[in-house]
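This document contains two forms of one protein chain, each encoded as structure tokens and listed individually as structure 1 and structure 2.
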Structure 1
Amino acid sequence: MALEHAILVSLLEQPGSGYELARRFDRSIGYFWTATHQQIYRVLRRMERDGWVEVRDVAQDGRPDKKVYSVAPPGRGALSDWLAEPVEPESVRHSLAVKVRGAAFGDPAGLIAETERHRAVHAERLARYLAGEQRDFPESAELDAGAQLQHVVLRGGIAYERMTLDWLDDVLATLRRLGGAHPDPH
């Protein structure tokens, strides 16, 4: 997936300034597709040049005018074309998993702190996802199609983080059980 497609989706959900778009990436889309603010601004300029987005200046009191981006018809067409393309299933490339396997040739206990660090990151991410779900998708709310699709993606992220935490707990239990022993992998 190109960053352009993630930006088009975000702008179709809600037009906004480059700053607002970057904050949305920090808050939601960025959980699944990351980009720096500089990358977002660079791609927005290219998309404007290519006619995929339109820009209008919006006056602000006491501050410089801001540019608000929205998707132009060619951008909507590019997104439609991309949505129709097949996507290769994602494969998991996990450096920590390779280190865990490699621990058979070193000190398994040496990976405990690193695994705990990974666990803390995933636990914090899960907490953010769950807080966002509470905030954005209250149980009593009637959701339109766009919100239902946003919610199903978020639920996938929640399930992934829970699965990852379960796996990390298993890794930690195994590392602790091995307790620094150097088992013969053969």
Structure 2
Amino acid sequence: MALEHAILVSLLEQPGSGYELARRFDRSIGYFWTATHQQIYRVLRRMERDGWVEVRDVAQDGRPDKKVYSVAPPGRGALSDWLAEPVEPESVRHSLAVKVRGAAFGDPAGLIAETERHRAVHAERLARYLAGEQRDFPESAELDAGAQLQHVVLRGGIAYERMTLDWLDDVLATLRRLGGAHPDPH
């Protein structure tokens, strides 16, 4: 399970509330881990119970109060332990690929719009990552170790989105080539 460790990393980079963490998971952290606010709140409570994090109630004006979490020493130890353990290389789950292969038994042309929709989402993500890269990692800057590590992870997100866009173009070309010809119509 990496969610609790992703939260530890994020809180070490910058303490914050569950809500703020949820937004980070929608943005900067989203290119290597995702989570909903429900998961985050639940895991934060468990981590607090286990002494991994500490809470501080913060009153705000014009907004609801929030609970700001920061990492306690046992949490830091748990992260170090986990860093030293091996983890399984991830396996892919791509339901669009299931659909593409399933299109052999349905309507290939009908998948074109869906594929284009996915392409638009990935193009938007790529644009967002590239903008973030320009903003946070200007070419001339001297980066400390933390920033260099953040940057190499972001480069991974960028590479993933570029690769995905190229593949979706390949899928679109294939579907269009097959368009009109309905194979295996039963």
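Everything numeric here is computed off the predicted structure, so don't read it as measured data. Think of the rigid core as the biggest set of C-alphas that the two forms share within 1.5 Å after superposition. Structure 1 provides the reference sequence; residues are numbered from 1 along it.
Enquirer: Quick one, which of these two is the form predicted together with the DNA?
Expert: Looking at both copies of the chain, structure 2 is the one that matches the description.
Enquirer: Is it the same rigid part for residue 139 and residue 161 between structure 1 and structure 2?
Expert: Same rigid part: residue 139 and residue 161 travel as one unit between structure 1 and structure 2.
Enquirer: Hey, what angle in ° does the smaller rigid piece rotate by between structure 1 and structure 2, against the larger one?
Expert: The computed domain rotation is 12 degrees.
Enquirer: Keeping the rigid core fixed, what distance in angstrom separates the two C-alpha positions of residue 58 between structure 1 and structure 2?
Expert: For residue 58, the alpha-carbon shift amounts to 5.4 Å.
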